[in-house]
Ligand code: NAP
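The form predicted on its own is given below as one chain in structure tokens.
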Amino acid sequence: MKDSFHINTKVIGLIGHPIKHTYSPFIHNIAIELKKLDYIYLPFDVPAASLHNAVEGMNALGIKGYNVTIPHKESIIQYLNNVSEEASTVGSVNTVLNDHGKLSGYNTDVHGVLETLNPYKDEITGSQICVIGAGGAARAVIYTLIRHFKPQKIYLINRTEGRADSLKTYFSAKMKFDAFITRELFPPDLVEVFRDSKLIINATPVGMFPENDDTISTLEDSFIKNQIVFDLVYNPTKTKLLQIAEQQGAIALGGLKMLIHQAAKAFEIWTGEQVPIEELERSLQLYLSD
């Protein structure tokens, strides 16, 4: 991988906290190498209290663009000049483009979710779906489900039911979808909800490295054969949640495919270049197997 740069090298990157788990620098620097571009992608650990200063600093330094991850996807919007229609509807931004000091926000998570779930569209469309989480990632998930899969109903599950209620109110108004049911995350009471859902999506960081043993449910009865369980966590590649679900015959989808597709869309926004997805996937799988 290219490890040299000079005064004309364009800098792109990632802001979030924590970011020790991220594969984004590897993915984007491989993409840069594949496309033979004079760019470099760097991670920046930015606590919530430092977000405004970080945005101003990156703007002043002329950084071309950056991904945005937990916990900044919603709060960064206030510092942007423009937000795409999709990101505005989602209420969450995960990609920023700096065009000579003018900051534009996008949400490429939607593209990543869609590419991951599209192979199962026939099974998912019109079904009951359960979404765990109420942050920026959950917003992209809910938008994609309503826009592309027309669910019968969506259960919104969160540790704090008030945040789930806020999301219900937001999307009911924004997308005219009112088939929401909100619940507090308490697994023994949710077994029936999980079992009756064709698709369960974990849109929280629960189970993310280094807390690999954490899971939203350890109850095997929560999952059934041919159910689809999608965990947005990509490190580890197969979370404890997915392991339990798979043992019960469910289809287990990790977050790597979403990560790669949302990264490719962001890369295109920054550089105007399309990434060869298959080569990128091979490189990442090789990296993970080392």
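Each form is matched to the other, and the largest set of C-alpha atoms that superpose within 1.5 Å is called the rigid core. Residue numbers here begin at 1 and follow the sequence given. Just so it is clear, the structure is predicted and the values come from calculations on it, not from any experiment.
As for the form predicted in complex with the named molecule, it is not shown, yet the points below apply to it.
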Indicate whether the candidate residues 128, 151 and 250 are all in contact with the named molecule in the predicted bound form, with contact defined as any heavy atom within 4.5 Å.
no
Can residue 205 be called a contact residue for the named molecule in the predicted bound form at 4.5 Å between heavy atoms?
yes
My question is simply whether residue 117 lines the interface with the named molecule in the predicted bound form - judged by any non-hydrogen atom within 4.5 Å.
no
Using 4.5 Å between non-hydrogen atoms, is residue 232 touching the named molecule in the predicted bound form?
yes
Are any of the heavy atoms in residue 222 no more than 4.5 Å from a heavy atom of the named molecule in the predicted bound form?
no
Name the stretch: of 51-59, 242-250, 259-267, 38-46, exactly one has residues whose heavy atoms fall within 4.5 Å of the named molecule in the predicted bound form.
259-267
Partner-free chain; cross-checking the named molecule in the predicted bound form, the single residue of 137, 200, 87, 76 with a heavy atom within 4.5 Å is 137
Could you spot which one of 185, 97, 124, 83 gets a heavy atom to within 4.5 Å of the named molecule in the predicted bound form?
185
Can you list, in sequence order, the residues from 136-168 that come within 4.5 Å of the named molecule in the predicted bound form, counting heavy atoms only?
136, 137, 138, 158, 159, 160, 163
Classify residue 70 as shifted (yes) or not shifted (no) between the shown form and the other one, where shifted means its C-alpha moves by 2 Å or more with the rigid core superposed.
yes
